[in-house]
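Heads up, the chain below is alone and in the form predicted on its own; it's given as structure tokens.
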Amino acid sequence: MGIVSLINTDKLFWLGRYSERVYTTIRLFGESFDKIIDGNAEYIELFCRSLDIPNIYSSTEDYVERYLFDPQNPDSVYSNLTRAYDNAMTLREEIGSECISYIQLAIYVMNRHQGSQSPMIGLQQILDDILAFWGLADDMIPDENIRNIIKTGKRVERLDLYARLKRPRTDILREVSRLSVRISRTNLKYSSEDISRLKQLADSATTDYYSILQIVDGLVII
């Protein structure tokens, strides 16, 4: 494994988390988009409450625009994508310019589709850019530890979001399995007991989402 400074380890981990946050929240937004634009405001309240973010939106139209595209909203997809890009830019030597370019392309798409009447078209392009970033990271980053730190951040974030949104047990079980394999291939500091406990919780017939969240939130120590 290559030696990575603590500062860059933290940035790599959060690059994985923020890129995954953008990817998964767009996917989940897409699943409920038709219901939202039909005026079912309760989905907005439920979504915000599940993610523990304030429901600051005055209408479904306001939600679509500000949750997706508002750079002044710290919880928006745009803000999380910007955080991913900011981390990536400081890691040029570690991950390479080609990887960074796909996150930059995603930001261009966000800017181009602000105020769009058909936001899902732009959002699909952003999903494609994030997937391209992950694929290129696999292909172009020579350091296995760097790749695995990014992927650990990705898996931590997905499990966090799935637990908050109370996704089906099969989803939780799959993500715990992926996380346990990926984190073991890094030099990150974590407790093997926490991983074992996550496996027990995921394998339980009744999913304890709160306990999973508690473990995931403190799993990695940088």
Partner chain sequence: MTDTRELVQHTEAINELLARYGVKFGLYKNGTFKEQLFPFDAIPRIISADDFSYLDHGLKQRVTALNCFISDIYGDKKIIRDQVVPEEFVFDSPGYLHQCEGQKPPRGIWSHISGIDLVQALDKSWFILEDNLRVPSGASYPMIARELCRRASPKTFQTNGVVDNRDYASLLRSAMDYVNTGGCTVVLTPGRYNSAYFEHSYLAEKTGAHLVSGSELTVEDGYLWFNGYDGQKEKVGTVYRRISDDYLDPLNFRADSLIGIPHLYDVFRQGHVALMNAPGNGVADDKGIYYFVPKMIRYYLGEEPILNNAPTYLPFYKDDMKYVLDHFDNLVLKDVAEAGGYGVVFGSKMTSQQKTDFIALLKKNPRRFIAQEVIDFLDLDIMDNGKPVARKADLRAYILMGEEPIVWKSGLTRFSRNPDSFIVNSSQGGGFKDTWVLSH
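Since the model is a prediction, treat every value here as computed from it, not as a measurement. Residue numbers count along the first chain shown, from 1.
The protein also exists as the form predicted together with its partner chain; that form is not presented, and the subsequent description refers to it.
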### Message
Given the stretches 160-168, 46-54, 28-36, 186-194, which is the single one in contact with its partner chain in the predicted complex, using a heavy atom cutoff of 4.5 Å?
### Response
186-194
### Query
Of S101, Q125, Q114, S79, which residue is found within 4.5 angstroms of its partner chain in the predicted complex when only non-hydrogen atoms are counted?
S101
### Query
Taking 4.5 angstroms as the cut-off for heavy atoms, does V109 touch its partner chain in the predicted complex?
no
### Message
Can you tell me if M120 lies within 4.5 angstroms of its partner chain in the predicted complex, counting non-hydrogen atoms only?
### Response
no
### Query
Given that the partner is absent here, does I215 sit within 4.5 Å of its partner chain in the predicted complex, heavy atoms only?
no
### Distance check, D75 to its partner chain in the predicted complex, heavy atom within 4.5 Å
no
### Query
Mind listing which residues of 73-109 have a heavy atom within 4.5 Å of its partner chain in the predicted complex?
Y85, D86, M89, T90, R92, E93, G96, S97, E98, S101, Y102, Q104, L105, Y108
